[in-house]
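Just one chain follows, in the form predicted on its own, and it is written as structure tokens.
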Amino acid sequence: MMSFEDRVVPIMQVNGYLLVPIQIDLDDRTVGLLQQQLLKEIERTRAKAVILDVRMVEVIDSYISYTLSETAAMARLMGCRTVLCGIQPPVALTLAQMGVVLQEVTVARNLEHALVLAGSFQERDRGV
């Protein structure tokens, strides 16, 4: 289990998935720490989905988007899907202009939409 000092962001467990509100500026170091924290929480909780809420994030550059995609791919290998929500218009513009494609990530309009998508993943996995 990670110590409080090792945690980059709060991670809340809700109905079998992890809700991760990112309320800090991400840089190369913090996104790496976020990746480690998230993978440990997936392992510990056996979560079926992770919701990354980035509405407070003002900058997502190519390295951060790559690391988020890499984290989602790792989570997928652990049986967990990733939903990204709250992308702000300037961030969307930057990602589109850079031609960034987020791999293994489902994008939701907002947190409510992300919760619906995460729920549908669980139903699909159960065969409902």
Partner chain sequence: MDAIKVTEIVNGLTTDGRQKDLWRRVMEGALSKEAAGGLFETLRSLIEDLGEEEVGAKILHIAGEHASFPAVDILRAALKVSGEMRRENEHVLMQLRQMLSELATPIIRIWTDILLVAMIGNLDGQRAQNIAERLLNRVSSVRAKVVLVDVTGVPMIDTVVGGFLMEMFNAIKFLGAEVILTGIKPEVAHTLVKLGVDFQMVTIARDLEDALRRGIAITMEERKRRRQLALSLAGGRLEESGEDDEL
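These figures come from a predicted structure and were not determined experimentally. Positions refer to the first chain, counted from 1.
The same protein also has a form predicted in complex with the partner chain, omitted here; what follows describes it.
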Problem - Answer option from L39, V31, V100, V57, heavy atom within 4.5 Å of the partner chain in the predicted bound form - result: V100
Handout entry: Heavy atom contact within 4.5 Å of the partner chain in the predicted bound form, the stretch among 71-79, 23-31, 42-50, 91-99
Key = 91-99
Problem - V83, heavy atom within 4.5 angstroms of the partner chain in the predicted bound form - result: no
Exercise for the section: Please check if N15 has a heavy atom lying within 4.5 Å of any heavy atom of the partner chain in the predicted bound form. Expected result: yes
Exercise for the section: Answer yes if any heavy atom of V9 is within 4.5 Å of a heavy atom of the partner chain in the predicted bound form; otherwise answer no. Expected result: no
Handout entry: Heavy atom of I87 within 4.5 Å of the partner chain in the predicted bound form
Key = yes
Handout entry: Within 96-116, the residues that have a heavy atom no more than 4.5 Å from the partner chain in the predicted bound form
Key = A96, Q97, V100, L102, V107, A108, R109, N110, E112, H113, L115, V116
